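Next up is one chain by itself, shown in structure tokens, the form predicted on its own.
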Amino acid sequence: METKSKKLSLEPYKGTRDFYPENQFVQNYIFGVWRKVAESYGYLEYGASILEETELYRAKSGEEIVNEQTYSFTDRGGRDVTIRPEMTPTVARMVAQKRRELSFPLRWYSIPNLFRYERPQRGRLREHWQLNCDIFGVDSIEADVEVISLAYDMMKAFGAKDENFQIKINSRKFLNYLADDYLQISEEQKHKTFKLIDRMNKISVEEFEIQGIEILNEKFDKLKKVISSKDPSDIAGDNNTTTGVSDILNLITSLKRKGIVNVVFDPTIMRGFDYYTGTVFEMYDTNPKNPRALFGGGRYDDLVGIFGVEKVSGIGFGWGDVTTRDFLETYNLLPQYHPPVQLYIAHLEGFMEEANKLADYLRKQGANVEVDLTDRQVSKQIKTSDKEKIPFALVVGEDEVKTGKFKVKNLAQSTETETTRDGIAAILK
């Protein structure tokens, strides 16, 4: 008996996207801004495989991420493999592998495709692209200042105003001081408290209080004091060096000297990964419509060392394309779509060969040209060029071949210019 085959879905896999030309145009624009600004700071682009051994993420990203958020599987050779959920462990591995051949400090960037198994929602999908910018081999605060300045300049390159976004800064040193000295809690309480703080903006105030009291009992009031603090010195007092307070204050002061004034201390900035050792930061849209961080990162001075080699300090950030597009749409900063094709060549029946000859000539002059490959009515051919938003069109027929003159139509302005073959390229430019 013949079984009825299941109808194939027309939709992409849940949490992923199709990029039709107009969507790809926006994606390319975002990548282009990222690349231009990163390279203006001297950053070099690198890349790597989308597959890594699962143990790499288990070692430093955290068991929770590996067990709950990754696409992991056993390959045909019996190896435990994961489709990368983030890029930082990979770049640390690359630096560790070639550390004796590389010239430090390193300034590297990449725009990898990443996958995480989580519930799709605004600003967060299962698949996204992410700009990663990192500096390796600089221990001083100057590296912290540079990577945040780099991200700030990217926001300005997109057309954002200072009042549109805010950069929030904290330190893992400060967070460790809070847990170990200020609250004096156990490692288990510390882990649970940090996880609770990390998700406090995703749950209600009531739920935060219930879970906080359950973890900390009477010490929860002290935690609330920390969370409401605008100055880390209020908590640490004069003990600024070992607590990370001086790092936070010096970083904010240095950024403000550079004119980056929309930067604040925020004790709730955690960053979910276990590998951060110092400064951590995130940038948020000030519009409540976009509650997720646009970018985030921090210092990870021990990450390269997990591969059994000498330590190399590092700091960097990741910046997703999904939240970026949401931000650009919110502030009407998306560019207007235009195709790469400059000229559409239509033709009368029997003149397709001449149309292709003209197109070949113009392409050698640097023009992007599309030729209609049908024998439809010329009006329908021109309608296609208009629908594709191609700015110019012309028709090749008996008169054009005899006289060597062509009427170039500007479809947006509804104007027409007559010229020879040699003059077409100049009109397109």
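Residue numbers here begin at 1 and follow the sequence given. Quick caveat: nothing in here was measured; it's all calculated off a predicted structure.
Another form, the form predicted in complex with histidyl-adenosine monophosphate, is not on view; read the next lines as being about it.
| field | Listed residue (A293, I167, I197, A151) with a non-hydrogen atom within 4.5 angstroms of histidyl-adenosine monophosphate in the predicted complex | value | In short, A293.
| query | Looking at Q342, T88, T193, T243, which has any heavy atom no more than 4.5 Å from histidyl-adenosine monophosphate in the predicted complex? | reply | Checked against the cut-off, the match is T88.
| query | Can G298 be called a contact residue for histidyl-adenosine monophosphate in the predicted complex at 4.5 Å between heavy atoms? | reply | It does: once histidyl-adenosine monophosphate is placed as it appears in the predicted complex, G298 has a heavy atom within 4.5 Å of it.
| field | Contact label in the predicted complex: G320 to histidyl-adenosine monophosphate, heavy atom within 4.5 Å | value | Judged by the heavy-atom cut-off of 4.5 Å, G320 is in contact with histidyl-adenosine monophosphate in the predicted complex.
| message | Residue-level question: is K222 within 4.5 Å of histidyl-adenosine monophosphate in the predicted complex, judged on heavy atoms? | response | No, no contact at 4.5 Å.
| request: Look up in the predicted complex whether G316 has a non-hydrogen atom within 4.5 angstroms of histidyl-adenosine monophosphate, and give yes or no. | output: Taking the distances in the predicted complex, the answer for G316 is yes, it comes within 4.5 Å of histidyl-adenosine monophosphate.
| So which of 328-336, 204-212, 126-134, 176-184 is the stretch with heavy atoms within 4.5 Å of histidyl-adenosine monophosphate in the predicted complex? | Checking each option against the 4.5 Å cut-off leaves 126-134.
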